[in-house]
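So this first bit is one chain, no partners, the form predicted alone, shown in structure tokens.
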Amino acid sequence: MPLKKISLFMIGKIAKLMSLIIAVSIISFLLIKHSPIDPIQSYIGADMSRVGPEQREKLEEYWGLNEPLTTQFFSWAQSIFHGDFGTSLLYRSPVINVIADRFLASLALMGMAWIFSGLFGFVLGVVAGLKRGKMIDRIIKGYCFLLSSTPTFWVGLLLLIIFSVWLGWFPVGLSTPVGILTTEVSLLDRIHHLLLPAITLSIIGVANVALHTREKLIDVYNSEYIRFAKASGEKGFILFWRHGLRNISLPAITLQFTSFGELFGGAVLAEQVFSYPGLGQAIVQAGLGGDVPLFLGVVLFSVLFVFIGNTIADLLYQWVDPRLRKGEIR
């Protein structure tokens, strides 16, 4: 890929990211300001009844809440630009530190679920496409259609009841055993707590990958060059390996990396069901507890996370499909 095209590609992506962050920042800020959340009450908590009108006015003046919305927004945006996301009202810690700590736990959960859903969905899609119209194809399609209409939290509750409560194979929740210091928790203990939430999150993501891979493989096998390959004596796995795999890899990669938004949204529900201390649980607590700085910080971070996934998908396009390397990057 020429250096000039790479430069233009990155400049375009950075410009899109900046415009997206600005738009999301404005919309999120306005929604928070017009919501029933009272930041002062959230900060003080149960002792709010002891705060008089004069003390409240002083707090509003100290935080700049008595300023016009435009002044408040630009003041907040300026702090964000300098890396100051504010202080979390719930955790009494800088927002950036809370996000960094929680993101590591969420990254492990989403990473495992992302790999499981991609591999399992791709294999199911290939099997269904190769066995089109047969019983195994109908079973896989029915399984995928059922998953597509099933909420993540319901699947999580079902798996929690069966494998944690009834069978006792997995812990009920949390990311580490109760009553053990973090330094004493082994890797196997962490994986044991991580498996059931990851399986819950990956089950939902299987359907889209499997169905799209199946349809793409069917289209490929109906093409003229596949008919020519069959006439040349190629068949079975050799035919799929030489002519089918590369053509169906592109949509599968696309779905995987563009599903970062759905993955993050599913992680929010899965973490709530399993009480998993990740970023998804933090944003729910921030919303319910009126922690505006943490809520806005997680929103901006999620935008960046999803955008990076889409950018990686665009870059992989160039590597998977030679036709895109020869053309213009968009």
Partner chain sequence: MNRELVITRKKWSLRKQTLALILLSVIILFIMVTSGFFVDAKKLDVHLENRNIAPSLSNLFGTDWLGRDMLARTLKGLTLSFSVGILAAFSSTVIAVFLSFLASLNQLLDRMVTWCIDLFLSLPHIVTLLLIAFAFGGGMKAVVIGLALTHWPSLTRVLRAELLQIKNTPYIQISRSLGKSSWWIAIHHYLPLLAPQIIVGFILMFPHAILHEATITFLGFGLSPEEPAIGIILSESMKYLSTGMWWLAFFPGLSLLVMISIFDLLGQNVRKFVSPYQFKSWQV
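Numbering follows the first chain given and starts at 1. Worth saying up front: this structure is predicted, and the values here are computed from it rather than measured.
This protein has a second form, the form predicted in complex with its partner chain, left out of what is shown; the following refers to that one.
Q: Could you spot which one of A231, L104, M135, V165 gets a heavy atom to within 4.5 Å of its partner chain in the predicted complex?
A: After the contact test, the surviving option is V165.
Q: Hey, in the predicted complex, is Y276 touching its partner chain, heavy atoms inside 4.5 Å?
A: Outside the cut-off, so no.
Q: According to a 4.5 angstroms non-hydrogen atom cut-off, is K13 in contact with its partner chain in the predicted complex?
A: Output for K13 is no: heavy atoms all beyond 4.5 Å of its partner chain.
Q: According to a 4.5 angstroms non-hydrogen atom cut-off, is E215 in contact with its partner chain in the predicted complex?
A: Yes.
Q: According to a 4.5 angstroms non-hydrogen atom cut-off, is Y91 in contact with its partner chain in the predicted complex?
A: Looking in the predicted complex, residue contacts with its partner chain do not include Y91, since no heavy atom lies within 4.5 Å.
Q: Given the stretches 68-76, 83-91, 139-147, 236-244, which is the single one in contact with its partner chain in the predicted complex, using a heavy atom cutoff of 4.5 Å?
A: Single hit among the candidates: 139-147.
Q: Heavy atoms within 4.5 Å of its partner chain in the predicted complex is the criterion; list the residues of 150-164 that meet it.
A: Sequence-ordered list: T150, P151, F153, W154, L157, L158, L160, I161.
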